[in-house]
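In structure tokens, one chain follows: the form predicted alone.
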Amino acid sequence: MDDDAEIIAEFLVESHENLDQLDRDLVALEQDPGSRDLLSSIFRTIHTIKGTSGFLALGRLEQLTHVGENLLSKLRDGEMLLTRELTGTLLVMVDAVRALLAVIEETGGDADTTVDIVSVMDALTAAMEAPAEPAQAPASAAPAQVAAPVAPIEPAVLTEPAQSDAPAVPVQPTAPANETPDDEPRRGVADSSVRVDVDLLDDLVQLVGELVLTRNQILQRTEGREDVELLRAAQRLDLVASELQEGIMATRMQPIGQVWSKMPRIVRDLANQLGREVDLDMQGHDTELDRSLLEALRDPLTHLVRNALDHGIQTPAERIAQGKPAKGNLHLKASHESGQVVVEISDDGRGIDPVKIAEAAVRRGVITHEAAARMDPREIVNLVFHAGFSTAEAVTNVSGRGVGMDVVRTNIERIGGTVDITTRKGEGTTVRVRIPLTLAIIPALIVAQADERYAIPQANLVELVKIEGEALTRDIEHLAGAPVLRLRGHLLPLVSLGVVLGEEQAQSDALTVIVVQADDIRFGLCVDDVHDTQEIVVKPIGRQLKSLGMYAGATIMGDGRVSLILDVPGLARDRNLTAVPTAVVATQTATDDTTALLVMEISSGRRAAVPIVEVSRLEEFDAAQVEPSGLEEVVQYRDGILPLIRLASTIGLPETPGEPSRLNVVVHEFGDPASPHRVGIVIDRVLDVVETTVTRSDVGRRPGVFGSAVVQERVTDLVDLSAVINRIGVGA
């Protein structure tokens, strides 16, 4: 639905509701002609419809309501007194308005002349022009005492004018032109929606959250049971609870256009105030997110837009002197990406000068000269998020007090989001905000440390790595006393969750590393154990833990125990981790002639491998989540549909007998990196990630398989994912 159609739909819903109230008010006014409250209410309703119809270029509706408004104005000003005949005339007008609304809903406009408004306007005009006694007083304003003759009232919709002496003939709305008696009754726009109190929606979300928790408990308690009926009932509960959760969450989703609708006015006023000329371009109005997040995003977005005009876009004279057009560009864009909403605020202004930022930071005592000398430009630019930091020379009512960007980041992170700045001096700045779709129920990975379990939001997960044996000494090094993992030619900082929690560092013959990312900071979180992924209900943490920035909330697990939700950006801050450009950490092993492979088991113990760079993610799905779509198997995944490919049968091997309750899936992305296609490769299980020199043999070469190689002393098929995808034809 485009913007105009959406506005018209909202207009129709509101107008139908107002007309229903108008019917009741007119009938009540007939009984109490002196009620100014009722008259004022009726007048406002017709005035609103007239004004909006004029805005939407609905000329005939505007003409009709304008004449009706004139009559109501005379009644409101006491120039006329409402009689039974006048009430009938006004009700005919209301019915004619209702008929026009039906035509607008059917055709998108009111040009269809099957609704005759001329006779209705004539009746209204005749009623106004007829001699009438002014109202004396409400107490004496009984209709019977008013002798003013009123022209006979014609029906409102007159494709064939009917004669009737009755003063108030009920008007039948005109049927849409293409409707036939045999057509199925069609539900109108006013009947297709209901207004629901926000508090009621919040209560429903809370109840669904409790239902999800109960479902998780039941699923956990039915694991390993042999009662088939109980298992079926649990699976059915799982399915229904998931669908109910999606439905309820959908009712809270609202387009970001509600926030952006105020931006043109803000930009216009601020540009005039600051002497700027700005072209505002907005994309992605329909991008939806939870209403609570939308409200939380409103102020940070407004501040970022104000910052772009005040600090980014130059005055016309400055821009012309720099060879730029006098009018600057401000671009707002919203989109869905990997289960998150990404909002970008870009300008083509002066950009951020790291030198000036560093000078201001030193001058204000934020950092020392020595610290500034050690920081790279990106770290320096991020100082704008420091509380109290400002480069403004003077404090104005727009900026300069240093309370802005730190509040923006704090508010964004409070709703589980991140904010990132990309800038180039003299060319402009882009602020990129990432926020989750909803905060109420999120997918998370459950991990264990000591005897406690913790949840990590799936949005922060990159991959899981198991290091054991010789790899512990080969791949883990220490730089300046801090452990790092050499992972596919890059150094990854390691953070032990146990150490963060105050435990003693213990030696182990294996290390489980969860690679997580927040903003542009990626690090490995070492934990004792990894459980499964679950949809968790986010609960606020108590006051006692609010000062600990590494927790984002709490949730209740299936066994009734409370688990804390880890805040990945908070952990990074707690450990003083900073972003390190990939190019800087590339090590010499990148030049080695080795390939990192994901080794998998398929077809009852056969081995297959794919380059790890072709693996986007590893996922697990319940078998019950698999749905048919045509001849394909699919699952719902990250607000989209993920087609599945059974790898064994696709490359000419028999599938492993039996259907597992959970599917191991390798997610592969291909195509345009900005909007990639995804497919899920179904395997039996992941065996290992190895980095080895691959000597390929043509033995075993066939469609979907390059050939084979000896990997970990076992013959392994080397899978050609492109051929596998082309062979099935999914995602094309």
Partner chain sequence: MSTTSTSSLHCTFRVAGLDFGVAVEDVQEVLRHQEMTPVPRSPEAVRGLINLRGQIVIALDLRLRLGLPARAADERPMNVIVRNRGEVVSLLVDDIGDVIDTSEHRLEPVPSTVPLTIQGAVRGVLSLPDSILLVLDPDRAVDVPTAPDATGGTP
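Nothing here was measured: the structure is a model prediction, and the numbers come from that model. Residue numbers count along the first chain shown, from 1.
We do not show the form predicted together with its partner chain, though everything after this point is about it.
- Taking the partner from elsewhere, T555 is found to have a heavy atom lying within 4.5 Å of its partner chain in the model of the complex.
- With a 4.5 Å cutoff on heavy atoms, K539 counts as touching its partner chain in the model of the complex.
- Within 4.5 Å of any heavy atom of its partner chain in the model of the complex lies no heavy atom of F523.
- Taking the partner from the other structure, its partner chain in the model of the complex has no heavy atom within 4.5 Å of any heavy atom of R474.
- The partner is absent here; in the model of the complex, the one residue of R291, K327, R364, R575 having a heavy atom within 4.5 Å of its partner chain is R575.
- Residue-level contacts in the model of the complex: of E277, D528, E452, E359, one residue has a heavy atom within 4.5 Å of its partner chain, and it is E452.
- Only one listed stretch (315 to 323, 495 to 503, 229 to 237, 653 to 661) carries heavy atoms within 4.5 Å of its partner chain in the model of the complex, and that stretch is 495 to 503.
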